[in-house]
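First, one chain by itself in structure tokens, the form predicted on its own.
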């Protein structure tokens, strides 16, 4: 069975993926389940809102972002306490207003610890999100597909990448047709501006 796919991007550039649009999140979930069952592993889903269960179906690993934020928060606590305890107990041990110089005075340091923890935790979250997300990426080959660029807020898109070990254009196209995908398109990389 021969397939004549619409092409987007530059025909001279290599094929990036075969893209397809689904009308409902359930169709997308069923398509991802079938792709996994067929042995495909290099694909990406694009949805206008978070789809419950999609991460589990795609078998995405847990993000490292929570560990980065936890590390930033713990670092902030250590920095804040050392900046407050070392000067007030070791360098300048002054008793002010009857406040003790030992760890029983810890409650007075809470506001600074909380403020610094929130600040450094937020900075770690934003930087981690940028780095782990592979940003800044100024262009995605999917934007060459006019339907995706115009309709991404309403459709549920799936792109099976050409890097997949099992990838063949005919095989992926036939599988997506069986799954009821609409607007199956060959997405080529865009021509580099010279």
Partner chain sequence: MSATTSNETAAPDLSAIARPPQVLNNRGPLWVTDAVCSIVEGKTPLWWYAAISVSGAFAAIGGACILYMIVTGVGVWGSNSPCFWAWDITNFIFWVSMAHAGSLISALLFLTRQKWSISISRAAEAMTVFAIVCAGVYPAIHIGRVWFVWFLFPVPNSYGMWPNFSSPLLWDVFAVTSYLTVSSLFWFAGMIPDLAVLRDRATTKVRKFAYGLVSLGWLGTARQWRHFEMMYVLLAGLTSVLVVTVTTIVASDCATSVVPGWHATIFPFYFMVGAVYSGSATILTLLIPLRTIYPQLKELITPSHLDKVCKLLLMMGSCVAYVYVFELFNAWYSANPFERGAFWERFTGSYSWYAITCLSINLTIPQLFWFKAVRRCLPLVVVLAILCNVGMWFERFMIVTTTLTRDFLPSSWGNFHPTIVDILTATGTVGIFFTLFLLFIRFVPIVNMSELKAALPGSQPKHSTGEGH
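Positions refer to the first chain, counted from 1. If you're wondering where the values come from, they're calculated on a predicted model, not measured in any experiment. What we label the rigid core is the largest C-alpha set whose atoms superpose within 1.5 Å from one form to the other.
Beyond what is shown, the protein has a form predicted in complex with the partner chain; the following relates to that form.
| Which listed residue (144, 159, 152, 162) meets the criterion of a heavy atom within 4.5 Å of the partner chain in the model of the complex? | Contact with the partner chain in the model of the complex is made by 152 alone.
| message | Please tell me whether any heavy atom belonging to residue 168 falls inside 4.5 Å of a heavy atom of the partner chain, as the geometry stands in the model of the complex. | response | No, residue 168 stays farther than 4.5 Å from the partner chain in the model of the complex.
| Does residue 87 reach the partner chain in the model of the complex, with heavy atoms at most 4.5 Å apart? | Yes, residue 87 lies within 4.5 Å of the partner chain in the model of the complex.
| Does at least one non-hydrogen atom of residue 103 fall within 4.5 angstroms of the partner chain in the model of the complex? | It does not: once the partner chain is placed as it appears in the model of the complex, residue 103 has no heavy atom within 4.5 Å of it.
| How about residue 108: is it within 4.5 Å of the partner chain in the model of the complex, going by heavy atoms? | Yes - in the model of the complex, heavy atoms of residue 108 and the partner chain come within 4.5 Å of each other.
| task | Within 4.5 Å of the partner chain in the model of the complex, which residues of 132-159 have a heavy atom? Give them in sequence order, or say none. | result | The stretch touches the partner through 132, 133, 135, 136, 137, 138, 140, 143, 148, 149, 150, 151, 152, 153, 154.
| request: Align on the rigid core first; then say whether the Cα of residue 71 has moved by at least 2 Å between this form and the one not shown. | output: No, residue 71 moves less than 2 Å.
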